[in-house]
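As a starting point, one isolated chain is supplied in structure tokens, in the form predicted on its own.
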């Protein structure tokens, strides 16, 4: 059996990856070795002592390394490994190597052909993509496969978990504080709603809510800024939309234009996106629906009706599931070749852990 080293398996993405691998019995086909940056020698999930994730010699013993430790770890360790002559495969959930010429951004239901070509060429680094981009491509794969997309805007509604575990906890603390402040007035049928509104607004702005992680209240609000600023006016998260879409699709030579705005909302888990696309030609809506619905086994086309939308097209309905629903699909008043839709998906699954898990299985199937 091939030796596979896991780093960052305790974190949010790593924990989801471990859960999925256990569900699919993936550990049966490999010799798993668990590394740590802080608890060397303690018992790991297999009861074996955890090994040092900074020990290049130990890491070089692995045929495959799977990292969910984050970009700083990748930047610190990966170059030294390669410089020391390690020829193994590096599979990473972090963004540090996504733009490297010697890596492929993986989303195998969408770009398996590109992955196979990379393996034939000797590529050794396979990197998970941006969560919103991966979820968008899973939902709209059929339109991209058919070469129909001229340009697209993606207005995202990204959950707290996309920012990390500490952010999720901060959101819950904010929600508790806001709920506590307004509980008596909300429960009193005789209270004035404007009084309740003023009370909640005051609570959001009095400086008492914890904002160490988000920098502003997210509960009962939203934050229209994710990641760092770029000179062009976009944030880095918004920049990734076009760059990573074309990198995953292999269309960098003739890129599809993608832009939009990324917004943090008070959902705990799952990212949602309102999408507008200009197609290269006018197609009947029924044909567009067929292309979307038939693209892969995980996409779910939700009828553009209220009942199904409320039941199926929300973070609450999708959290913890692999399916990616696409709904609110219609043509716009702008013109017959313009369509709009809404999609939501669990960014800890198809947006992070699942492409990494599946890439590992592809590698194990070849070695």
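These numbers come from a predicted model, not from an experiment. Numbering follows the first chain given and starts at 1.
Keep in mind the form predicted together with a small molecule is missing from the figure; the text below concerns it.
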Can you check whether residue 5 is within 4.5 Å of the small molecule in the predicted complex, heavy atom basis? no
How about residue 70 - does it come within 4.5 Å of the small molecule in the predicted complex, if we only consider non-hydrogen atoms? yes
Determine whether any heavy atom of residue 351 comes within 4.5 Å of a heavy atom of the small molecule in the predicted complex, and answer yes or no. yes
Using a 4.5 angstroms cut-off on non-hydrogen atoms, would residue 165 count as touching the small molecule in the predicted complex? yes
For the spot marked by 100, 141 and 250, is every residue within 4.5 Å of the small molecule in the predicted complex through some heavy atom? no
As a check of understanding, the residue in 174, 111, 161, 156 with any heavy atom within 4.5 Å of the small molecule in the predicted complex should be identified as 161
From the list 265, 149, 94, 199, which entry has a heavy atom within 4.5 Å of the small molecule in the predicted complex? 94
Which of 251-259, 166-174, 214-222, 274-282 sits within 4.5 Å of the small molecule in the predicted complex, heavy atom basis: 166-174
